[in-house]
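Next comes just one chain, in structure tokens: the form predicted alone.
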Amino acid sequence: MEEKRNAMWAYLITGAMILISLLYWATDVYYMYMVIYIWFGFAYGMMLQYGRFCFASASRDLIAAGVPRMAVGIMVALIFFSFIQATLESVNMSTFHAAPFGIHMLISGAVFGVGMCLAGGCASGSLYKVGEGNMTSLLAVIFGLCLGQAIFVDTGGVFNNLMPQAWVDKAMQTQAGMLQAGINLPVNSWFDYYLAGYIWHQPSFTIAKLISGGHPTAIHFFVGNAFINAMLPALIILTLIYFFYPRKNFMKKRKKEMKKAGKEPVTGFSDEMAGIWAMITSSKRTSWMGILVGITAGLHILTMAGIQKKFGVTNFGALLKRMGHFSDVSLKGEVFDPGYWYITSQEGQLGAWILEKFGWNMHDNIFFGFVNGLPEPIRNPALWMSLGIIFGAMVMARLSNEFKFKLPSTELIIWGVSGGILMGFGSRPSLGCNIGGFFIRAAGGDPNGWGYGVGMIGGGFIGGTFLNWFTERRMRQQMADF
């Protein structure tokens, strides 16, 4: 009975998504641009839920329990995606762009890493867990990724006084320059000074551009972006994980098998390779989903590049203006439209939209007013991608009978909200989260991705260590009371 009810819910949700897509298509053909985001989000959600893909879980399982399954799956996904990314770059069908380089990536990653451990899920993990019925994750999304982010980028006052004078001076120079061009750049919050005074003046590059002198060709994309920046580091990480975690038990088992077969129990290079392969294939479910996630992320970029060429645009904001929705776009005439898998900025847009309904002006800052715009939620393509992740995960959870509505305890509410806020804070200075800040950038040849990744692992270690200490301390107290 339960299985039939879950199957019915899965069909209803999928049917609703199809109906929504048809309504958009019937309203205006330009909305097909947004429908693409919906269904790629839906696919990500199904794969994330099925493979239990979560960067917080990868950090927590590896550090606290010594289980490498999730970390291995993420590295597998990264390897496949990097190859596809290089292929797309080679044929000029990529929407990827590198981020400004700097120490801010490491610091932001650390803050995000602590937050994802406290919340029990990273940005993508929190979304798919909402689809499973986890209300702690919903609190992390609403109060952290949505409202927390929006408040974070629009806060001024005393926080402006903490900004380095060099940032303030550069921001004022940037504002004056744009004013001469007829653009009144809104510089009011501390984050405005950060963007206009620091981020916009940092270099951005990929390894392919570095090794080619700024004019990369196909060989540079594959050697520089894919192999040097993504595959080689991922293979080194896989080797280190194998050496520190499953190797000891694997070799012990291997030698026993040799003795049983009457052979000398001496292992060599081929046995080490067999051990690494056994580690990768030990959880076929996660490894296969890693491959599919990498392929799907590449197809997403290819499809977005194709639809942009078809409509002759580089941003959905141009299509919104064609349809007469001028209030949705920013001063640049754009909306947040990454062109690939991305999370957090669109949640911040939703939070800002909600706050504006309560009278908070969210157009008076650079992040929303000048760069990303504040489209109505029904016309926000990236937001629909996040909703697609939730609904896709919900369908897969229903089909596998893993959906369960979980109300959080008081303690989990605190962890969820505080962790979500830290994730929101950690995603903004770096202009990305575990997906946009690490996964997409590392696979695309941007060394920033690894800076963010190192910070995220360090933050995950701090957050995991703190949670372990807190849990053990509480258990000791409970035992003492008992």
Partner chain sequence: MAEMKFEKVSDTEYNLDVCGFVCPHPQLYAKKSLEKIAEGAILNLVFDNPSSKETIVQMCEAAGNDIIESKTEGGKIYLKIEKG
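Rigid core (definition): largest C-alpha set, two forms, superposition within 1.5 Å. Positions refer to the first chain, counted from 1. Note that the structure is a prediction, hence the values are computed from the model and not measured.
The same protein also exists as the form predicted together with its partner chain; that form is not shown, yet it is the one meant from here on.
Partner contact region in the model of the complex: 68-76, out of 68-76, 208-216, 195-203, 153-161, criterion any non-hydrogen atom within 4.5 Å of its partner chain. Proximity to its partner chain in the model of the complex holds for all of R60, N401 and M479, with the criterion being a heavy atom within 4.5 Å. Using a 4.5 Å cutoff between non-hydrogen atoms, T267 does not count as a contact of its partner chain in the model of the complex.
Contact annotation for E132: at least one heavy atom lies within 4.5 Å of its partner chain in the model of the complex.
Using a 4.5 angstroms limit between non-hydrogen atoms, F221 is distant from its partner chain in the model of the complex. Not displayed here, its partner chain is kept clear of Q165 by more than 4.5 Å at the level of heavy atoms in the model of the complex.
Comment: its partner chain is not present in this chain, but in the model of the complex one of T286, N365, S94, Q308 has a heavy atom within 4.5 Å of it, namely T286. Residue-level contacts in the model of the complex: of Q149, N372, N380, T136, one residue has a heavy atom within 4.5 Å of its partner chain, and it is T136.
Annotation for 235-260: the only interface residue with its partner chain in the model of the complex is N249 [heavy atom within 4.5 Å]. Relative to the superposed core, M8 undergoes a C-alpha shift smaller than 2 Å between the shown form and the other one.
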